[in-house]
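Encoded as structure tokens, the following chain is the form predicted alone, with no partner shown.
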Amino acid sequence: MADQEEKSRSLTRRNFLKTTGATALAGMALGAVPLTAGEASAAGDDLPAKWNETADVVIVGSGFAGLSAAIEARNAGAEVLVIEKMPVHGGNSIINGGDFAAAGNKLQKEQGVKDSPDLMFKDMMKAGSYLNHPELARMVADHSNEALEWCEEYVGAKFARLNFHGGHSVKRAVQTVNASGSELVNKMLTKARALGMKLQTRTRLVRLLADRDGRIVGMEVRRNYRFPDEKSGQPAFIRARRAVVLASGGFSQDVALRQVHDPRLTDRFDSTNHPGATGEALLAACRAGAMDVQMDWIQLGPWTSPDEKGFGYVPLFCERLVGYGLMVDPKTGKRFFKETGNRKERADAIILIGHPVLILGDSYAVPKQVFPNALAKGMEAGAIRKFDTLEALAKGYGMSVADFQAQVARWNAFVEKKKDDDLDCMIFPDARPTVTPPFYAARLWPRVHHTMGGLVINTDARVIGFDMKPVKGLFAAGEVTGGVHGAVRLGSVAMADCVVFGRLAGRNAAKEKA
């Protein structure tokens, strides 16, 4: 039944591309794409005779970026409507790991970690292979701590610990108390509702509508939509007096669309994303005259496990252990890449090996680093396994005991002197040799995680069209945009990106003339 539903969904998505998205993409390739929103929508000739609903600012998407925009637009005096195609709010944000990169944050200062926006900017640019639009990356780095403090002090979200993610120079990510983005999303929703924002779930954007001046003035939607049936629901028209903000996320779950840009990413690769990360709002913006960028940079998370579904618990196990434990190829029992490398480096290394690898830690590192609930749930699912000895661990994964133990001994020598002579892994000052039983391990195989490409925006969060000018009345924030991260997004920078540009988009959208 599930297979049949998946086939139906895939066919529907291919039909969508065939009839709409592919047309837009082909138009771009042939130079036939409309230059402005006005041209894209026949200069306002297809506006409805009657709107079903009106708000000052209409926001598409209810994750970090959408709710940040909603709160700031309300605080700027705008009447705000948020639409969400799924039956529940939160999108991908509500299932992420809750890590927020912020340069110079309070926990860093308490723990003596020296950091700065300049260092965060350099880390983002290096990981992004310098393909990042520097002015956008600079905005995120410079305003990351301000955004975090807004989440804590104004929204009321709680953050409890300081974490490291591969590719950063220092520990920079603060994690929510429940190790989930739900801590921030749910409190954002409570705040936004208290301010008077309206949220409509099961409402899918079909197309954006522009007036004769080319300004985006509203949209056609389908209400009572039931994902993924694109024919479900009833057509309706929503007017945006001031502006539309797109905060609809990426397209990691759309196999056909991601293969347009990276043919390697077949259904062999699962995704960590929620099912609705299918990118149709992005394509709707392109058909309305918006320009996209870097769509073929699609990130795989190297820390997911083939032994559990979706995002799972192993990412919260693996990422906390890098710099404290070793990662090995079970075919050889040996390390193969530096554990603290960025996501692309590690995912590429695992794919090159061609089969799942292992991450492991002992009873010093695991309780110290891993959120207890993540460990318990991962073990309950069978994705994280516990062994009384290293010999038992080796046998449990079919490794040569001698080769594996020799590799652990070599790793432990590096940990003792805080320098990895083999692979240049970053080893943290409080790391200890992996010697204390019991030992914990999990298998790793990459999944599609984040789409770095998306709509072109400027530092005001205005969407840019093919005439290189802002599309009037259209703003965007979060994963639906491109350029911030370049080739590789560093772990935990997504939350900062969404909140920084979400707030900006909401404030600026509210300033537009009604």
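Just count from 1 along the sequence shown to find any residue number. All figures in this text were calculated on a predicted structure; none of them were measured in a lab.
Keep in mind the form predicted together with a small molecule is missing from the figure; the text below concerns it.
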Stretch from 422-430, 196-204, 327-335, 147-155 whose residues place a heavy atom within 4.5 Å of the small molecule in the predicted complex: 196-204
473, 454, 63, 465 - the one with a heavy atom within 4.5 Å of the small molecule in the predicted complex: 63
Proximity to the small molecule in the predicted complex, single hit among 378, 166, 276, 301 (heavy atom within 4.5 Å): 276
Residue 401, heavy atom within 4.5 angstroms of the small molecule in the predicted complex: no
Residue 132, heavy atom within 4.5 angstroms of the small molecule in the predicted complex: no
Close approach of residue 493 to the small molecule in the predicted complex, 4.5 Å, heavy atom: yes
Interface membership of residue 73, the small molecule in the predicted complex, 4.5 Å heavy atom rule: no
